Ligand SMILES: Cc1cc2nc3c(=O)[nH]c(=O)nc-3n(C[C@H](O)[C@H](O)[C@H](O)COP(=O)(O)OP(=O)(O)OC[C@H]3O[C@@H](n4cnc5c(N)ncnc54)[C@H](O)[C@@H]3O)c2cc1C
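Next comes just one chain, in structure tokens: the form predicted on its own.
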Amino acid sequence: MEETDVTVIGGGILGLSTAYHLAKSGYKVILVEMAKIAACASGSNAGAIRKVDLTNEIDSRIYAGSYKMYQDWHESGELGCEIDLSEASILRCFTDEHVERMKYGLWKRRLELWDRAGLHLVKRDEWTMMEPNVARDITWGIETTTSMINIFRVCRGLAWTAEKNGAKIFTNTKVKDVEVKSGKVSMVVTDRGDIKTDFVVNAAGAWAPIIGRMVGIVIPILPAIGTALVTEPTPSITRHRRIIYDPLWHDPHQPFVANSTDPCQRLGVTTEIDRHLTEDNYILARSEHIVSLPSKGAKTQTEPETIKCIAEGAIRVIPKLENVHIIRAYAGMRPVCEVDGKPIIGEVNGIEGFVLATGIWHTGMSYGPMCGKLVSEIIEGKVTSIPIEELHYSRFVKNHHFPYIHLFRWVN
């Protein structure tokens, strides 16, 4: 029997950040992870982080808070390692057909957002950094920058620092039940023993609904698989660190077309080509579509059809990649809220001590540090640094009927 103030379920960026903040505030914390640290969504992305969202104030404030933490960790070395915070050059690629589409509809709205951010279309021969290896029919681009971090070092550094401040981290440990007595959480039952606890933080990502059922609630989260390929070390064939190409059909808020006969649309495959500076290889991504959770554990199997579409998309943008070998493919489950696509953060009414931190989808590394602080503030009984009422679980309840699964647009 273990006893603790807070049990955090999930060893991704949200769970680790929560454990870090609570341990620094003097709370006894146990983090339980069914696999290893950053085994799922947090370990299956390129490490790009956002600083602002032009369409959503709360996201912008959370992104800014997280970025400030990354800066502090980078400068102070508090996490016990270099987190490789750096600025990366980006080229967003467009064809003449894209530019024609930007006169109306979705692409027009996207262009307006870019213009508001001071980012403008530039003809190919006027790019700041020339890209001779980009396909010849890509005639326009938007050049910008983004921030990057080393995802594994951040996650492992948060784990190390949380433990240094007294937290316990149990990996390869599966949660079997969460006991609730008199409307309050009291125990977390695992396959390695029981944990008596006052609070439970459900930061289990795509597995959050399974934990939710243990306390009798339905959490409207579906698993969206994201896939990436890693090339062999190769001489640089791009000058921008990231090159992004979205097909004409792509809607970032509705990233796949479930019934399409085009496999790229059905699997939500777009093209991101990232140069890994320390390993001299490329990471080729990405996909986004709903699948079932793995039958056992956290291991997410890659899909041959998705791998083929990602590789073909990368070659379409950079034809020279055809002669580069792929040495690894990996995938992770991203938690997406099937009702509105927004995160779910905060306490659950009627279950004292049960706190949700999930639904971060594909912005986990941008949300994670600040989200952990917000959850810590909730448990400490403080007013949160950023108002998060619109992200509460209670938003799904209307006339006591729950949930609104029929509103989810992306899956039949």
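Everything quoted here is computed from the prediction, not taken from an experiment. One-based numbering along the sequence shown.
The same protein has a further form, the form predicted together with the ligand, not shown here; the description that follows concerns it.
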| property | result |
| --- | --- |
| Full three-residue contact with the ligand in the model of the complex, heavy atom 4.5 Å, for A48, K174 and S366 | yes |
| R241, heavy atom within 4.5 angstroms of the ligand in the model of the complex | no |
| Heavy atom of A203 within 4.5 Å of the ligand in the model of the complex | yes |
| T227: touches the ligand in the model of the complex, heavy atom cutoff 4.5 angstroms | yes |
| Partner contact for L14 in the model of the complex: the ligand, 4.5 angstroms, heavy atom | yes |
| Interface residue in the model of the complex among F256, Y245, W207, Y282, criterion: non-hydrogen atom within 4.5 angstroms of the ligand | W207 |
| Answer option from V185, V134, A162, I211, heavy atom within 4.5 Å of the ligand in the model of the complex | I211 |
| Which of 356 to 364, 340 to 348, 53 to 61, 375 to 383 sits within 4.5 Å of the ligand in the model of the complex, heavy atom basis | 356 to 364 |
| Sequence-ordered residues of 113 to 134 touching the ligand in the model of the complex, heavy atom within 4.5 Å | none |
